[in-house]
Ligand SMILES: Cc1ncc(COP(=O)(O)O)c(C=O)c1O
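Shown below, as structure tokens, is a lone chain in the form predicted on its own; questions about how it binds or moves come after it.
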């Protein structure tokens, strides 16, 4: 756990000259070289495609967008980051193939489920065109998205998931248009549906078969691997499918083996072991007469969210280049040993392709501060617990911080008990709380001034501030809430000044789960985030990074907070940016329609009640326009704080 004292010195604030602080947020560690802290303390974006281009200030981008009427909270998508990752994955496979003498090709596909937004998928197709990069569809709507894109001639559309006759019919018929649409069989029952549609159409399908590997990976998504994973067939089912295809003279249609390695695989050795097992199935299926040409190893290529470079739930112990080299080498050796041609390699690296390309940006609305700069003096008639608590200041020094903490907590709790029993009044209790908060300020300052005295770091985490922020955790960061996913979080300004406070982040939903209390820092994961004191004159922006994978797709409508504003920008060589696309966030009217309300009915119902209030004399007729105007303004407004 990061030390409380490391980032909260007592004698610093947000004004006055001071030496540049260390990178307490670990930006250099997790940022992949995409970010730079400017001399004025603002966080800037660097273009990985144009390394010599000047960095572009993120707060500067926000100021420009504000003038255009685009407000936070927003998802900001950076095209250069997306293009860089698409190129990196494809080129790394190409380099590994050339270096090892692998005799097959690489044909990656992007799983649409990872980010279904049109602005993202359209650009992935554009940036992947030179590599014959394809798409993976796990549902009928996703297949429709895939088929609406003009893919390169040698690109694949891989159809995974449970498929009904309609899904299969469209997949088969799409081959007439020129698509290489592969139906991956998930079960023997699904094959029966394929056979029925084939008999109906008289058209042959292009088939794959999903093999359930027994090797189980580590990490958050371990359950997506191993023989208890949801999708795929075991050995007995595979044999049944082979026999059934041969019986119907369709075994020649089976061209692809799909073997999902897992999701966000943290350990590269798991990649090797799973790929090796997949090759054994590939070899045996080929010996059974299946003319396989493609080996699809599914997802697994992870993202180092923390920058730790180790095999953990939110990090990985390998690079993209190492992952690709391991896959190519493992498959090549296995095929040589079996005396088989090298298959076309396919992976479905969605998270690695898009995670880094998007960030969530929001402003802090206000803070609940758990300290106070001053304390009231003793008054005649004060309860002795209150006078005893005030006296704690007299022995506040290094070596007695734990004692001061213990005494302050004890007296505060006893006074609260007295208040509950009616022995002290409201004003005395308010003074007691103020004294306690001032003692907390003194202890924090003493701990910060003496970094070696960290014995009460854990206690101080109990009294960090709460910064109330303009976003919905459930809508924009569902994995943070659901599976404790870590994303890098950092202020976008004042990075030239040491943070003088620590806080947890609360969203604007009325739910106690709507908070973030685990943060990636330079020296580890911390239960609080170093932050700066808030100013009435300047907004305080925070960025949550690497949110391009799954977060936009999985978000829900908790408290009916809808999608945020979303903007896509292109970084220019001159240090500026171009706004390529703006998508306004959901209005209240749109969100109501998602949950089966007709906004027109809501307006009509409210109007009827207004007219009833006028008829009964509770409201004057002259107020009608103002009241109805306020209702209409709200129903067409943004769901977030404006």
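Since we're looking at a predicted model, the values are computed, not measured. Residue numbers count along the first chain shown, from 1.
Heads up, the form predicted together with this ligand isn't pictured, but that's what we're talking about next.
Single option in 356, 257, 472, 160 placed near this ligand in the predicted bound form, where near means a heavy atom within 4.5 Å: When this ligand is considered in the predicted bound form, the option within 4.5 Å is 160.
Contact residue in the predicted bound form, from 419, 333, 550, 127 (heavy atom within 4.5 Å of this ligand): Selected residue: 550.
Listed range touching this ligand, judged in the predicted bound form by heavy atoms within 4.5 Å, from 343-351, 324-332, 397-405, 273-281: Result for this chain: 343-351.
Partner contact for residue 434 in the predicted bound form: this ligand, 4.5 angstroms, heavy atom: Close contact is absent here: in the predicted bound form, residue 434 is far from this ligand, nothing within 4.5 Å, heavy atoms only.
Touches this ligand in the predicted bound form: residue 515 (any heavy atom, 4.5 Å): Residue 515 lies outside the contact set for this ligand.
Residue contact check: residue 263 to this ligand in the predicted bound form, 4.5 Å heavy atom: Yes, contact at 4.5 Å.
Interface membership of residue 233, this ligand in the predicted bound form, 4.5 Å heavy atom rule: Close contact is absent here: in the predicted bound form, residue 233 is far from this ligand, nothing within 4.5 Å, heavy atoms only.
Every residue of 111, 136 and 300 near this ligand in the predicted bound form, heavy atom within 4.5 Å: Yes.
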